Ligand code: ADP
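Take a look at this one chain, the form predicted on its own, written out in structure tokens.
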């Protein structure tokens, strides 16, 4: 049973997004970065994605069509084309072309919410993942599937594909955000070509319909979440989103692995978007980034000494930016600070932040939308990064901020708790400020704590910046944890204890 630990693995990742091709959030960054890291370790890594209309044309120019067409065996047979992208180094990408589902200018939703046919779209992707190996004449050792959009893959593996060329292929399901589970009408079972015996409470059935993620959780050989604390939290009613009993049942197969980041892309020493590059040994150059940003966004002729707090986030209830918006006028009235916020999402919250910024243009700046270059520049310019999430499976922006010498202020939940060492534990180890309860008063006090430290103890701020920049948030350690998980999944599939 130990021979698998020495072999080069054939890994097929299945996901609905991967940067830079298509990305709606952190999932896209994680899929591509992890695939890159595993390929760098010598494994044969391939990634299956939909061929979305919105993939930038300059990237599509590097795609090549594979000969023939692939038959996708749902309840009825569908035919599709496959395109391949093979970078000089890294994983091989496959894109399945099926315009009826993927020729749209958004990934998941339109102006009135999620696309009604999302269950059919991603059932198609999952079944295509099962039929892909036969088309390629390449059998993976492991499927690594991500979130509800790919969660039917383990279901197929343990039912209609249980015998045949994939009989010994294991599966790992990673849950990036449990809030989204993929609910569908029970008729999706016929569409997907799955046996009706799966429509029961300990498999796919949920509230009279079908829950994609629930099925994946039951059938995957191993389960992972994107931080150790979140792996514990989802076993409780407060965070389990109705699936906590299943996670307790599968607890022996559930592992929390903290996400990594692409340290080449997020590197203040080489980042081409910054007006000045720096590292932990010449942090004085970070102030040039702050000066440049404040001149552009606040109209300063020169930088002053006020601390700059930033928030970069999707504007949804999960992220807690509504709590920040409520106290922001109070903060800028009682503290000598500035705030810059980048994000979009819920319209009412967008309007609230825009109104607050309009009333205090010299102290609050708000950009409605998302801009990758601006996100890099804000992270470099800031003194503090505010992230008051109600829950956070992992979070990447707090990792980016520490990499850039910017101190995160975070609610003690999920990956935020796992990745940020609070000033309360001593300045020698601290990398940010952590508060326990997400209330208006607690967030106000945490911002005040950071502000007071900035003015009264600048040497502590410098030490904490350097601590954060010394942390290893690369994929090196996490990718090896995933490899262990792959081996466990393969051993379980082959019947080893």
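Numbering follows the first chain given and starts at 1. Everything quoted here is computed from the prediction, not taken from an experiment.
As for the form predicted in complex with adenosine-5'-diphosphate, it is not shown, yet the points below apply to it.
In the model of the complex, adenosine-5'-diphosphate sits beyond 4.5 Å of every heavy atom of residue 20. Shown alone here, residue 370 lies within 4.5 Å of adenosine-5'-diphosphate in the model of the complex, counting heavy atoms only. When adenosine-5'-diphosphate is considered in the model of the complex, residue 157 lies well away from it, no heavy atom lying within 4.5 Å. Shown alone here, residue 219 lies farther than 4.5 Å from adenosine-5'-diphosphate in the model of the complex, counting heavy atoms only. The listed set 38, 55, 27, 446 contains one residue whose heavy atoms approach adenosine-5'-diphosphate in the model of the complex to within 4.5 Å, identified as 27. Taking a 4.5 Å heavy atom cutoff to adenosine-5'-diphosphate in the model of the complex, the contact residue among 96, 257, 161, 396 is 396. With the partner omitted here, the stretch from 283 to 291, 82 to 90, 96 to 104, 311 to 319 that lies within 4.5 Å of adenosine-5'-diphosphate by heavy atoms in the model of the complex is 311 to 319. The partner is not shown here, but in the model of the complex the stretch 343 to 365 reaches within 4.5 angstroms of adenosine-5'-diphosphate through a heavy atom at 343, 344.
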